[in-house]
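Below sits a lone chain in structure tokens, taken as the form predicted alone.
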């Protein structure tokens, strides 16, 4: 595999001394940098295992930091309209903070992203009971989901991207799920200013799988809340929820509701409307049924932040997109650079299958059988509007 000299030297040094030789770039210069991948020790888990941070930089200077604990995206630096690189994801400065059960900042989620009602489902005539960790329901893989696992990791490079390939074997019975699940997730930072996430999984017996990524984004570099961000979601329908945020089983039109984002709309313009769905979610925490899905990555959402000029496009092969507006952030968490994360300080756009699908036969299936391959791709593409 061909490497530029700086990348190769950084990689060799990281193997011998355990630290990367990352460069301190803070400007965006398209095509002016050598792609870079380096690594260093980020911290140590209570059982003594080391957590590694991988630093990625594309040819334009855009940067991403990923740790193999939880597959967490710790930092993502993208340019504003002045060419200044700023971090657009919520997170922490140290490993210890990620170990104290934060709200899934930047993590990979599995085996099942979102909720499964009462932590139960029936598959091929057998009922399975999962760990219950959210108001009597199963959420984001349970008590020790994929966000709390140390993944195996290796750096990778192509002609157009640098990245990290993560792998994890989730054993039969893990959090109550059937089957050994062999998972591989690859993060790629491309020269098109995309963070591309490619998921693959295999099983040795029938099981259910719904993987996703859980970054909280704030395109102001986390300087204020996200209510002025302008959002478009390509969805004519959504899945309404009950008081426990479990889908009612129907697909309802967004027309005439505060959940209509088919045209660009500030997130905060209707978030406090007296609407039963918003009251149940304390804001937006809903799955949107994406239009025009054929299994290949297509545009699902577009976000524009008017003061910085940053835009983020979300493309995915998945049928659904969970939009969460940071309703449970309350100022009790202090993140990177001492920033206090207040109410609605970040938003999530989680590409996925629908919540509670194992109990909803009308929803797209999440069942994976032996001999089949779970495969999905989600892309977060960044640009600037002048």
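Positions refer to the first chain, counted from 1. Please read all numbers here as calculations on a predicted model, not as lab measurements.
Another form exists, predicted in complex with ligand GLA; not displayed. Remarks below refer to it.
In summary, the region of this chain contacting ligand GLA in the model of the complex, judged by heavy atoms within 4.5 Å and restricted to 76-84, 298-306, 121-129, 209-217, corresponds to 209-217. At a distance threshold of 4.5 angstroms between non-hydrogen atoms, residue 88 is out of contact with ligand GLA in the model of the complex. Although the partner is absent here, residue 115 is a contact residue: one of its heavy atoms lies within 4.5 angstroms of ligand GLA in the model of the complex. Contact check for residue 60: no non-hydrogen atom falls within 4.5 Å of ligand GLA in the model of the complex. Among residues of the shown chain, residue 310 is not one whose heavy atoms approach ligand GLA to within 4.5 Å in the model of the complex.
Taking a 4.5 Å heavy atom cutoff to ligand GLA in the model of the complex, the contact residue among 153, 267, 139, 168 is 139. With the partner omitted here, the residue from 322, 360, 317, 68 that has a non-hydrogen atom within 4.5 angstroms of ligand GLA in the model of the complex is 322.
Contacts of stretch 245-264 with ligand GLA in the model of the complex, defined by any heavy atom lying within 4.5 Å, are made by 245 alone.
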